[in-house]
Structure formats: structure tokens, C-alpha cells
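In C-alpha cells, the next block holds one chain alone, the form predicted on its own.
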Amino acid sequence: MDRLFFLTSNSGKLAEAKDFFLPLGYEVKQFLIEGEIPEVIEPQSDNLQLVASSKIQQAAAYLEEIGEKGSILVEDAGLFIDELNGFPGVYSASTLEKIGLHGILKLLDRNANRGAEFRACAALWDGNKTTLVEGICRGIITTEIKGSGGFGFDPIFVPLDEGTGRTFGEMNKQEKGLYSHRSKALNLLKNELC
């Protein structure tokens, strides 16, 4: 089984990647050096592809330095809200930490336009080249928190393609995987690995 090192500190993303790549013959491991996630410098940019490209280059240098063999996966995602000019975007993780789900709902209080999209940019380095792909899931932001599943902004995001009005937080992993931005990006990478 080939190894795919995933540079992430997010256990939810790691679990989704393991479920996705295992049937393809890849053992997904969190990228750790001496038990720690290697430090990468994230560029100050509102462009997910630029952020993912920078991280994958740094991770590839680390892998070469420690003499490990395998592919590397980096994935950056964000929630881009129309009414807030794309905020929180690449700052989604820090925004969630600082103001939480209630803070986002408060920012949209009394706004009729609740359109948003989750975007995921996945970068795969196979030892020779880097492939970048982007997955997008359009949806709306709810007026209240619904469900306790998933992670991040899942309990306030309803994907438009799903049709029942349920948030990602109300879906199980398999249901979410049918519509999520991350699944769309990973499916694009599948061709690179097979």
C-alpha cells in the first residue's frame, strides 16, 4: 500500500481523506516529523491556490530532508460568504476560533442574501510534480445552528445540490461526501493517483 502524507492538524479532514483514499490503495498518514506537524509558513493571501502551493512546496522539502518516500497532500478550504465579500475565506479557521458559528450568524443577521460557498484547494505532490485542484460547493447560511455532525461551519451551511435543506452538520460522513467541496477536490485528484 502506497503512503500518502497529509499535512493537516484537522482530525476531521484527516478522517475524510483516510476514508476516501483507502479504497484507492493509499495509506493516509498525518505528516509528522518526530511526532510533530512540521512548521510551514502560510503566505498572507486570500487565494487558496497560492496558500496550498506554498504549503506543498515546504512539505516536499521536509519530506526530502528526512528521507521518507511517499506522496504529500495539502488541502486548504474556506467558507466564502457572498454578503461579506468572501469573508471569512482563507481566514475561516481563525474566524471560527475567534467568533464561532454564532458570530457568523450575527454578522448576517437581517440579511436576505445568505448565499455562500465552501471552496477546497487540494495540492498533491507525487515526488515529481504538483497537481492543484479546486472543489466548490454552493449553498446558503442558515439562520440558526442545525446538527452536531461534521466540523467547522458545517452546522450553518446547507448545500444547494442536496435538496432537503439539511446542513452538513445534520448529515453523516457518507451523505456529506456526496456534496462537499473537499470530496469534489479529492475526486479530481483521484485521476492523478490511479
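Quantities reported herein were computed from a predicted structural model and do not represent experimental measurements. Numbering starts at 1 and runs along the sequence shown.
Although not depicted, the form predicted in complex with inosine 5'-triphosphate (ITT) is the subject of the following passage.
- Residue contact check: Gly139 to inosine 5'-triphosphate (ITT) in the model of the complex, 4.5 Å heavy atom: Gly139 lies outside the contact set for inosine 5'-triphosphate (ITT).
- Query: So in the model of the complex, does Leu84 come within 4.5 Å of inosine 5'-triphosphate (ITT), heavy atom to heavy atom?
  - Reply: Close contact is absent here: in the model of the complex, Leu84 is far from inosine 5'-triphosphate (ITT), nothing within 4.5 Å, heavy atoms only.
- Does the 4.5 Å heavy atom contact test between Glu27 and inosine 5'-triphosphate (ITT) in the model of the complex come out positive? Answer no; every heavy atom of Glu27 is more than 4.5 Å from inosine 5'-triphosphate (ITT) in the model of the complex.
- For Leu189, is any heavy atom within 4.5 Å of inosine 5'-triphosphate (ITT) in the model of the complex, or not? Leu189: no, not in contact with inosine 5'-triphosphate (ITT) in the model of the complex.
- Item | Proximity to inosine 5'-triphosphate (ITT) in the model of the complex, single hit among Glu68, Asp46, Glu42, Asp126 (heavy atom within 4.5 Å) | Filtering the options by heavy-atom distance leaves Glu42.
- Item | Residues of 62 to 94 having any heavy atom within 4.5 Å of inosine 5'-triphosphate (ITT) in the model of the complex, listed in sequence order | If the 4.5 Å heavy-atom criterion is applied to inosine 5'-triphosphate (ITT) in the model of the complex, 62 to 94 yields Glu75, Asp76, Ala77, Ser92, Ala93.
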